[in-house]
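Coming up are structure 1 and structure 2: the same protein chain in two forms, each one given alone as structure tokens.
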Structure 1
Amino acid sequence: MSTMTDSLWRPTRLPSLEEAAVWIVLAALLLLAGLTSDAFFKLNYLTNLVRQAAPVGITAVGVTFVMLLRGVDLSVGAIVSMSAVACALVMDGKPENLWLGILAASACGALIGLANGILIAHGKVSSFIMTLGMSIVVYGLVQMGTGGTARGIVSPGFRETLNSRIGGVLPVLVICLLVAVSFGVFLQSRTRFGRSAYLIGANPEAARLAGLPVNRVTVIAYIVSGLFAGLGGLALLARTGVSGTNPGAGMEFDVLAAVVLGGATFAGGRGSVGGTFAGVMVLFIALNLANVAGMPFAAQLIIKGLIIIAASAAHSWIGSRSGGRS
């Protein structure tokens, strides 16, 4: 048993080149951005860029664990939307409802994640089909609940606090993102759940034979993904101030791009929360550069898609070469 577990653990240790690749790309892109516009070398501009990335970054932390297990979660954009709407509706502009609204948003995310996890783990439903279908259901529920218009009012102080800057420099939303990333790193590296996710993703059948609780870990991973998407909805609500109808629509593609950029692959067992954070920043700096260059939204969509394709191909190539050397 121990020999099998040890052999399972080895593939989860990413090659140093693969671990460093996204950080090298981030440094090079930041240098290029700085040469294009000196605004990228200014602290306030950079922290504001990270603040803008907070909803996607927080959501991407949870999706990382799903992709470690060879899964995908296409429902996170819908969860972000529902969580933002639920929070605004529960708050109803009343200070005493502040924490209740935050709890409602978090619960929405976790419960949808639980439903995804149970049906995927125990119902043996494809994660792609399951989460795609769930996203459609959730978007429909949001539309029914809002009537197609912005509903709910955030409690006084909610948006003001999360959009403030500590010392006039560091945005609170940036701190929230860093806390989410730190907690994700802790889950990934210091808990049995995180270690099991790597093992199961690397070789599900061998992990099952080794006695690992594959179904339980799968359910937990989707709960974590849903919970972080709910928190991402809170971050988005804090940025916009209104719940909108489907404010998270399309966010799942930004999240997927960031996680793939960070080193995760659909083959499972690869990737890290730290890499995902770097992937988020690469994505947002690239899109910000496109804005500076005056590119239209359609061109930015093309860039986003090409980033996903290029990152996935690059990680597959690096992984195959490193595998061949081992």
Structure 2
Amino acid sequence: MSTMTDSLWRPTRLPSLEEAAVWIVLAALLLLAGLTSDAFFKLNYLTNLVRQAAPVGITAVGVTFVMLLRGVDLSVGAIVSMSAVACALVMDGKPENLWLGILAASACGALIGLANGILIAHGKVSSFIMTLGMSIVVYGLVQMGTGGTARGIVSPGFRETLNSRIGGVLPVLVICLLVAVSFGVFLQSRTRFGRSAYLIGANPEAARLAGLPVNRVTVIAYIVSGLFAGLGGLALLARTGVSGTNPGAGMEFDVLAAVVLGGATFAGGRGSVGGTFAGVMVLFIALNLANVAGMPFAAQLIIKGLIIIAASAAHSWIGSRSGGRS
């Protein structure tokens, strides 16, 4: 089975130049950043930057699978909020509740993902509007559940551990992000689910005719997306503690931008977890750069927009050069 899927999979592999595009952009941006401020080449700063990106980065890994399948998941911001709030509530400041809290957060994410997946796969409706509706519901549920103030207390040790640096250098959160990315890469290239996702995204009708379980793969993709968003919520909770009832507000759009920068398209079948990781870093370095260059708030917003547009345009340009679809 696996060799057959492999051979099916190979023709849909991305052209290498396109796959490399986001890494080229990342390298160029890092070079530019280094010219502006030598701090960007300091290990401490770079690791700190990656740490900042951890919540968005972890969440983006999961959304990549949804986008491979021509979908989009706008509910991840709300899931991040729910996960962070629920985890702190369950922990209730007690050390013995640590794992229970982590479990609760992951379960929240996976369950909402499951609901998304079932509704989208079996309801045959637009993922944009369905996950948008789900994000409103989840946001409302969190507000109802908390009464508007985030009442949880994090278990002692949770934040301390995750915010520490191993050997005083490597932040634990960076390792978490890298583990999440590696797990994503594993799912993408070493499991039947990952390979099916590429095939279905590239051509759902053909995949269906070839006997691939389209609905099951779709549901799993949304569960994965929800689960990673739940983990992203944990990362956010670790980074900033209990901070209000909607800490993930608007995060879905940063995630979306990062995944698209990483090479995924709305036509599905393209993109990769590695690319998404690079996309996340492009976004964060760009914003940091704007900030470090001392640009005012307004200019930073404009820069963010222009970078998203420029990077995406660069993608389609490189894609068309390397003989991709128009």
Partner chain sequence: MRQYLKLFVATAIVGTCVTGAVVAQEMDLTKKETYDQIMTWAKEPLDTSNYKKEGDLRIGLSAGYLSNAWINFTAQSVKYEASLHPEIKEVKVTDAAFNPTKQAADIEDLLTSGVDAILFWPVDEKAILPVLQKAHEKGVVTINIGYNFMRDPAVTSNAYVNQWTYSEQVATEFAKSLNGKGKVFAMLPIAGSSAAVVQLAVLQEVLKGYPEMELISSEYGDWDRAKAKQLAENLLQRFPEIDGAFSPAGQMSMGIYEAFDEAGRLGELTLSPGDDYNGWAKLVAKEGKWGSVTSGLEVGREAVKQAVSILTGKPTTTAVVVPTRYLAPAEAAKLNEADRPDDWFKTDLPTEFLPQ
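Throughout, residue numbering runs from 1 along the sequence of structure 1. Heads up, when I say rigid core I mean the largest set of C-alphas that superpose within 1.5 Å between the two forms. Treat the numbers as computed from the prediction; the structure is a model and nothing was measured.
Here the chain coming from the form predicted on its own is structure 1, while structure 2 comes from the other form. In the core-superposed comparison between structure 1 and structure 2, the C-alpha atom of L35 has shifted by less than 2 angstroms. Put the two forms on the same core and the Cα of Q300 is off by 2 Å or more between structure 1 and structure 2.
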